[in-house]
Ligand code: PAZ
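A single chain comes next, written as structure tokens; it is the form predicted on its own.
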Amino acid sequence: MAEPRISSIDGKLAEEFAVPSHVGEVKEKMTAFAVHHATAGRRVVLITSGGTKVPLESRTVRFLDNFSSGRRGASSAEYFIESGYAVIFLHRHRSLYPYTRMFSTMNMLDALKFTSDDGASSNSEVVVNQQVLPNIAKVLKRYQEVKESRLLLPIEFNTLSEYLHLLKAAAQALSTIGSKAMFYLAAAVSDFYIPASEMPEHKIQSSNGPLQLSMNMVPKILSPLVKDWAPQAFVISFKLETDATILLDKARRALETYRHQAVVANVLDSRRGYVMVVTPETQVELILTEEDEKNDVEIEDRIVNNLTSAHNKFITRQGG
């Protein structure tokens, strides 16, 4: 496989975004994971999920964030595993997680009880009330199967800096398996940041009066990923807008600019029931009907089905 190339963005990442101390160790884990599963005949997808925190101070008290819960990434991870992929899940700390996401709105303590009236007894055990956690046995069984098969490698990030460096490490790790690698970039990444060299060390004092911020544009990480770090991989980006009239044009411009394989385009208010998958040659609308929603069908099932089929064709064209 081709070695990852040096990109013009590498120097900027090192200078303006703090490098996580564990990035080398994580890269080794991701490389071993990718090679193991590719050797076993599986494809590997890197899913990014959740939002990024942008600190306003070095010793962070205040930060900028967004609304992303990581729902799309977490649910998509499950569907990719069911489709035969191994998943590297690069997710925001405390964002939704595959399998446990289904119970995220429930108080887990309400679902637990002791087998005896005296909970302090050494003979008392804790059991789950399955009426409070519906389908917990089925979900637990599948999660344990996935864990035992080592099909899911979770990697956490918190800040924008951590995300950027870990994504680069993931891209270089997956470059070892060529076209069998997929990037499903569902994380909601900030467009703005304050360089480390310009960030105040201590908490910004409100006694200084109104706060005025000047923020830089975050480097477009998609460009070096496609051109330099993992040039043989199948890459999907996401485009979220609030104005439906500009969505398709923005998706097409992204494909022209970055030369990757697909954009999943959606509008904020309808994102759970309608998306467009846009490629250089096609655009496909994926829609959930009322019947689908009654049957608990999720739009991510349709998205993953569409993209795995496209990845099959991509691999065939690449001769992989």
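A residue's number is simply how far along the shown sequence it sits, counting from 1. Here the structure is a predicted model, which means the values were calculated and not measured.
Heads up, the form predicted in complex with the named molecule isn't pictured, but that's what we're talking about next.
Engineer: Going by heavy atom distances of 4.5 angstroms or less, which of Arg142, Lys239, Lys227, Arg101 would be at the interface with the named molecule in the model of the complex?
Structural biologist: By the 4.5 Å heavy-atom cutoff, the listed residue in contact is Lys239.
Engineer: Out of Leu248, Ala188, Leu222, Leu152, which one falls within 4.5 Å of the named molecule in the model of the complex, going by heavy atoms?
Structural biologist: Answer to the contact question: Ala188.
Engineer: Have a look at 153 to 161, 231 to 239, 166 to 174, 192 to 200 and name the one stretch with heavy atoms inside 4.5 Å of the named molecule in the model of the complex.
Structural biologist: Partner-contacting stretch among the options: 231 to 239.
Engineer: With the partner left out here, check for me: in the model of the complex, does some heavy atom of Lys27 sit within 4.5 Å of the named molecule?
Structural biologist: Heavy-atom contact with the named molecule at 4.5 Å: absent for Lys27.
Engineer: Consider Arg272 of the chain shown here, and say whether it contacts the named molecule in the model of the complex, taking contact as heavy atoms within 4.5 Å.
Structural biologist: Judged by the heavy-atom cut-off of 4.5 Å, Arg272 is in contact with the named molecule in the model of the complex.
Engineer: Is Gln261 close enough to touch the named molecule in the model of the complex, meaning at least one heavy atom pair within 4.5 Å?
Structural biologist: No - in the model of the complex, heavy atoms of Gln261 and the named molecule never come within 4.5 Å of each other.
Engineer: Are any of the heavy atoms in Thr279 no more than 4.5 Å from a heavy atom of the named molecule in the model of the complex?
Structural biologist: Result no; Thr279 lies far from the named molecule in the model of the complex.
Engineer: Since the partner is left out here, which residues of 61 to 75 would have a heavy atom within 4.5 Å of the named molecule in the model of the complex?
Structural biologist: Phe67, Ser68, Ser69, Gly70, Arg71, Arg72 sit within 4.5 Å of the partner.
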